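Just the one chain here, laid out as structure tokens, in the form predicted alone.
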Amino acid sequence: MDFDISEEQELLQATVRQLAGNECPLTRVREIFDGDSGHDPELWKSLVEVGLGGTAIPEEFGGAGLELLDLALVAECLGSAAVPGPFLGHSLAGLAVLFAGSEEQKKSWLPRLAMGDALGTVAFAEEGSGWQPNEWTLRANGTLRGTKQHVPYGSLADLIVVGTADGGLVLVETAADGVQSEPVDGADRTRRLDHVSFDGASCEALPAGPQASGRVRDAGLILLSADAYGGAARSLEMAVEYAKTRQQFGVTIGHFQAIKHQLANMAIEVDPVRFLVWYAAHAFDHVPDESERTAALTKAHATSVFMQTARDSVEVHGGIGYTWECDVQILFKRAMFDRAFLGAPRVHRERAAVLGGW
């Protein structure tokens, strides 16, 4: 039995890596990071043109018709390069419409999302970090009132999938009256967030929202985990590169036993995360009985490893690692986002324990 990814999936990753390297090297990432919007329309256009806007959207709606594993492999590459932009929210919005929408809603929105003619996002979090479907309190009956926090690119999106009471999902067009966005000055400037308020805004329910909202959440946990693995692997790589070039006392710091051990420990923690993420993404489509718990465990572990690896990479870089000029800080802050978005590790460890019958 072959537990590796296929040649087609390797080609997909190679394509995304090449695109990220050509279109968004760290120098460009830093320009966007230091900018106001955390978004480069031309970069997003390039990603959409190679099909990343509709990776998991069926071919009949203009997408590539691939599985969540393929989407996670893309997220892994984007995380490794710290590529800025709305990929996460846009992907989840497409999945929400696919899983929960009526045929009419799918025909209306999925081709536009796949082709990049519309930008989608999701609005789940409420005050007090209420990320989970059973914690949502906003009620919708043709109109929507209330506030959602930490909405990825809420001010730029054309369509927001909003989580409502009882785990429902509704569609809100941001051009509608009664929708206002307020930017959040978060740490990770590669993925900007907004607080979005709804004051009688028109909304349209996704019919299967209560049944699909948990599945959309799980897809988000897996994509964050994939991004975290990519970022952790890159943080380790940057630490190793620095240890090979930085000199102290006439030798590179990689000669020192303490640095060697630290790098080895980082590698031991990071490498297995790849296969945990790949299995969680595979289980999402093929092992439904294990999918929810595996997604929770993967999110908790992968984002914790990324956070620790980013910290260790800063330490290896020494004094310069704590400065704005050092690129390590970009990945460190991306780790903070992955850890917090859709719930901190402790939340999902507790969920996994409950789901496991502990």
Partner chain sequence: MDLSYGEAYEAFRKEVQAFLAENWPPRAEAAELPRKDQVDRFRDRAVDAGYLARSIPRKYGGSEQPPDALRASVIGEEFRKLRAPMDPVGLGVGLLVPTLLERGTDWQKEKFIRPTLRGHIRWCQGYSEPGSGSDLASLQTKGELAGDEWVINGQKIWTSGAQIADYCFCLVRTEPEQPKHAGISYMLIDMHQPGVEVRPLRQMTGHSGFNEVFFTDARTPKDWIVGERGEGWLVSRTTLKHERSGLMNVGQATGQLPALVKLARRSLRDGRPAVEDPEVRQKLAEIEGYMKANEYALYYRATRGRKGRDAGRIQLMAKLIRSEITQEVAKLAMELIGDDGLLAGGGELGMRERPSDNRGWVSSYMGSLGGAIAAGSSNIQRNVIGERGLGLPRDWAAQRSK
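Worth saying up front: this structure is predicted, and the values here are computed from it rather than measured. Positions refer to the first chain, counted from 1.
What comes next is about the form predicted together with its partner chain, which is not displayed.
Undergrad: Does E8 reach its partner chain in the predicted complex, with heavy atoms at most 4.5 Å apart?
TA: No - in the predicted complex, heavy atoms of E8 and its partner chain never come within 4.5 Å of each other.
Undergrad: Decide whether S46 counts as a contact residue for its partner chain in the predicted complex under a heavy atom distance cut-off of 4.5 Å.
TA: So S46 does not count as contacting its partner chain.
Undergrad: Would V240 count as a contact of its partner chain in the predicted complex, using a 4.5 angstroms cut-off between non-hydrogen atoms?
TA: So V240 counts as contacting its partner chain.
Undergrad: Contact between R215 and its partner chain in the predicted complex at 4.5 Å, heavy atoms?
TA: R215: no, not in contact with its partner chain in the predicted complex.
Undergrad: Name the stretch, out of 278-286, 171-179, 206-214, 96-104, where some heavy atom lies within 4.5 Å of its partner chain in the predicted complex.
TA: One stretch meets the cut-off, namely 278-286.
Undergrad: For the three residues S129, I259 and Q262, verify that every one has a non-hydrogen atom within 4.5 Å of its partner chain in the predicted complex; reply yes or no.
TA: Yes: S129, I259 and Q262 each sit within 4.5 Å of its partner chain in the predicted complex.
Undergrad: Between A219, L138, A81, L236, only one gets a heavy atom within 4.5 angstroms of its partner chain in the predicted complex; which residue is that?
TA: Selected residue: L236.
Undergrad: Pick out the residues of 229-248 whose heavy atoms come within 4.5 Å of its partner chain in the predicted complex.
TA: Heavy-atom contacts within 4.5 Å come from L236, V240, A243, K244, R246, Q247, Q248.
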